[in-house]
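The data below hold one chain only, encoded as structure tokens and taken in the form predicted on its own.
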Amino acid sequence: MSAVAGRFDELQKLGVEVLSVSTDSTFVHKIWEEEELSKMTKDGIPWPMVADGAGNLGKVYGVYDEGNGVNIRGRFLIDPDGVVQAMEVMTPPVGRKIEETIRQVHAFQHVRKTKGAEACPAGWEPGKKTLKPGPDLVGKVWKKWQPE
């Protein structure tokens, strides 16, 4: 969360709304923010931390661990139409990389802007070559796109 907070302004410029959800109560979130997160980030966490005590949101997104009563760590990119475009679920010992999240936001926004006329290949970055999906591309991706 501190990595996301460090890039929050950039996410805001991209029109991204950030929420964190856990089975912890709002009181636990408050203490966690005051005693931990505020010391890891310049201004603390600038977005809402949602309490999902019963794991209802976690169940909807398939990350609720019934046996332990907690949500497993996950990251979901949801488009303006409410459709999950990407998800990443990881166990606590391994952290996520905010640069990859931002890269994916750029890619999904580019595809949406082109109404699917362009696709962003693996590792695509803004300004790099895209692919034009269609019959002419079938069996010829290797000619059009060559990863570094």
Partner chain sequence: MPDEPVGCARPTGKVVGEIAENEDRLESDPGVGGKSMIMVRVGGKAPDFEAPAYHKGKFINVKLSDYSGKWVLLCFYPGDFTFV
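Numbering follows the first chain given and starts at 1. Keep in mind the model is a prediction, meaning the values are calculated, not measured.
A second form of this protein, the form predicted in complex with its partner chain, is not displayed here; the remarks below concern that form.
Taking the partner from elsewhere, Val70 is found to have a heavy atom lying within 4.5 Å of its partner chain in the predicted bound form. Looking at Glu17, you'd find a heavy atom of it within 4.5 angstroms of its partner chain in the predicted bound form. Remark: Glu99 does not count among the residues lining its partner chain in the predicted bound form, judged by a heavy atom distance of 4.5 Å or less.
Taking the partner from the other structure, its partner chain in the predicted bound form has a heavy atom within 4.5 Å of a heavy atom of Gln85. At a distance of at most 4.5 angstroms from its partner chain in the predicted bound form, none of the three residues Ala117, Leu131 and Asp136 contributes a non-hydrogen atom. Residues are counted as partner-facing when one of their heavy atoms sits within 4.5 Å of its partner chain in the predicted bound form; in 113-134 not one qualifies.
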